Every structure is written in structure tokens, then in C-alpha cells.
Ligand SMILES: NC(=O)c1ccc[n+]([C@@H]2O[C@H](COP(=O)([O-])OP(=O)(O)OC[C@H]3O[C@@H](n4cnc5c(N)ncnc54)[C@H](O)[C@@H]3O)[C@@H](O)[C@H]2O)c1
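Starting off, we have a lone chain in the form predicted on its own, written out as C-alpha cells.
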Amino acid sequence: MGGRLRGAVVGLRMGRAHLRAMLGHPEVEVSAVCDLNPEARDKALEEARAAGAEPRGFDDWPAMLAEAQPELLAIATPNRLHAAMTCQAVAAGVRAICCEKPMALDLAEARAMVRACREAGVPLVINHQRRVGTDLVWLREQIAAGALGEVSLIRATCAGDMLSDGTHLIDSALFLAGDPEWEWVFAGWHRDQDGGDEVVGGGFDKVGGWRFGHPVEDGLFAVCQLAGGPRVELLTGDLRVPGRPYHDLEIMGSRGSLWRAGDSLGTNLFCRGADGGWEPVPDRPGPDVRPAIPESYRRLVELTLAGGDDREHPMGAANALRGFELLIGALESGRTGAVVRPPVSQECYPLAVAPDPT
């Protein structure tokens, strides 16, 4: 099959970033955008047409699959829809999928979507885009080269909840450590349900313990041991390190420490100075030098046209599923008060399961 890949985007909030990445790729022809919100749809169509594309706009997801017949698909809908849409796209003949994080709502869904893509030979990547950003890549190279000596701890902290935001923390920590397996996780979380339910808490903003139509915690802490590597501390919501930015990573080793202070387009990499304070890392590129989402699409299009496998992509399904299993393991540990080890047997979303009676 020759020519440019027919691209489509479903979900046009975060999906606008995916749309721009596709519009900027010479081997992708954006043929369709889909969203229930007519204003979001019209803005996306306007942006695409300004870039020289002529996509069709849809408010009906099955109709878009049937009529536009996309080959490259971005799924940027609410969390609870990711797995079902991925499986439906595979059945419709889509050749490659980039799905927003988190990959699914629960572990059963995540395993099913990976299995469906594997069986059909469809590359699946999850949009943990920081993996291909220049700053995280540089940090991983420094750790691997021994610049910090023996790394004993990675502390990752963010605002938001574990499923929607902490998924980035887990993925980044595993990436920095070289993508090892994990041995165990122990966690605790708390949730204030006052004033919220599935309906009123169905959007981006958390309302009374609900967000995107599913339960979320107000704060979580977790400690995880990586196989042959450091421990990882994860802190979300109101248990995060005070004053730190949204996606904050500190790597501590026997020779020193490095700190990635969020996603700032300015200076965001620091090292411990001789006086024990933080100093900017000199002459290192920031995250804006190579925009991460376009870079992820460059790699995905390349391997799709070559008939490759998503295991060749840093954001491929295998890495994503390892991190998602750890995420569910942490939430399950908080529910039961017990250490959780892989393989995680709890395939449901732990916050939707009744508390452990013990």
C-alpha cells in the first residue's frame, strides 16, 4: 500500500496537538476529525484547512471509521473510551494507533487492547510523549553513563490524580531507569467524595472525587522497587511535594542529583552545586528543541510504512502496559493496605471496587 497515510483524530481537546503533528508530517494526509462538540470540531477543521488539508468533520465515531477509513488514528477521547475505541479501530482496519494516556481505565481493558493490536499487527503507542523529549532523553543518557554514580531514588511528583496525570510520572521514572521490570509497590491514597458523582464529575475538573466520569483520589503516595535498580517515590494531588511544578522529577545518585523541574520551555534542568543548592545544567537543550509529539509521530509513521512493530517505538504498548500495571498495582495497594507484586491480579479499576474489609 503506497502513498500517504490517511490520518484521523477523534477527540479534539488534547487531540488538537495530535492533529498538528499529523498536519506537519509530509507522509500523512489528514482525512477526518471527530468530536461531539461542534465548536471543537469547527476549530479543528479551520486549523486543518489553514494548513492545506481538507478533512471531513464527524460527530459519529463509527461513521468516521466506515467512511473516512483512516490508516493512522489518534484517540484523544476521555479515559474510559480508549480501550473500546482502540479495539473498534483495529477491527475497522486501521494500520497504526496513537492513544492518549492513560491507555485504559482498568487492567483488563489495557491487556485487551494490547492483545487486539498484537494479533492484528497494528502498532499501538500511548502518548507518554516526554519519552522522546530532549530533556528526558538527556537525563536517561546521563544516568546510563554513570554521571550520577549509583542511582538510589527517583522521586516523581505532580498535581492531579494518578490515573490521569500520575501515569506520566510512572512512565517517565521507568524510562529514566532504563525500562526495567518492577518488583513491588506499596501505596496509600485518600479520596473526598463530597459533592460529586459520575455525572457532575464527568469533565476535566475534579468534582467531589470524580473526574472524566470515574473516581479519582485527592492525593496518593507510593514506593516502588525496580528490578536491579532504584526505588521510585510517586506523589500526586495534595500529597505532592509542595511548590514543585506539574511534572517534577528528581534523580538522586551516589555522585549527585539531577532535577527536571516540570515542562517549562525555559530552563528546567538543574544539578546540585558544591554548596548543596540547585544550579541550572549548563548548555543543555530544553524540551522545546525537539517537540515531543511531532517526534513521536515521525517515528510511528516511519515504522508503520516499514511494516514495523511498536516495540521499536519508545512509547510502544509494551512499555506502556508495564507502567499501567504498576499504576493499577499502586491503587490496589492503597485499597487493600498490602504490598502488591506483579503480575497484578486486580483487573478492575481499584477506586471503583469496594474497600478491602480487612
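Note that the structure is predicted; figures quoted are calculated from it, not measured. So that there is no doubt, residue numbering starts at 1 and follows the sequence shown.
Below, we turn to the form predicted in complex with the named molecule, even though it does not appear here.
Checked against the named molecule in the predicted complex, the candidates Arg240, Arg131, Arg260, His82 yield a single residue with a heavy atom inside 4.5 Å, and that residue is His82. The contact with the named molecule in the predicted complex, taken as any heavy atom within 4.5 Å, belongs to Cys34 out of Leu327, Ala292, Cys34, Leu300.
Contact with the named molecule in the predicted complex, judged as any non-hydrogen atom within 4.5 angstroms, is confined among 178 to 186, 71 to 79, 143 to 151, 216 to 224 to 71 to 79.
Shown alone here, Arg13 lies within 4.5 Å of the named molecule in the predicted complex, counting heavy atoms only. Although the partner is absent from this view, Glu250 stays clear of the named molecule in the predicted complex, with no non-hydrogen atom inside 4.5 angstroms. Taking non-hydrogen atoms only, Gly166 never approaches the named molecule to within 4.5 angstroms in the predicted complex. Although the partner is absent here, Glu100 sits close enough that one of its heavy atoms falls within 4.5 Å of the named molecule in the predicted complex. Counting a residue when any of its non-hydrogen atoms is within 4.5 Å of the named molecule in the predicted complex, there are no hits in 299 to 323.
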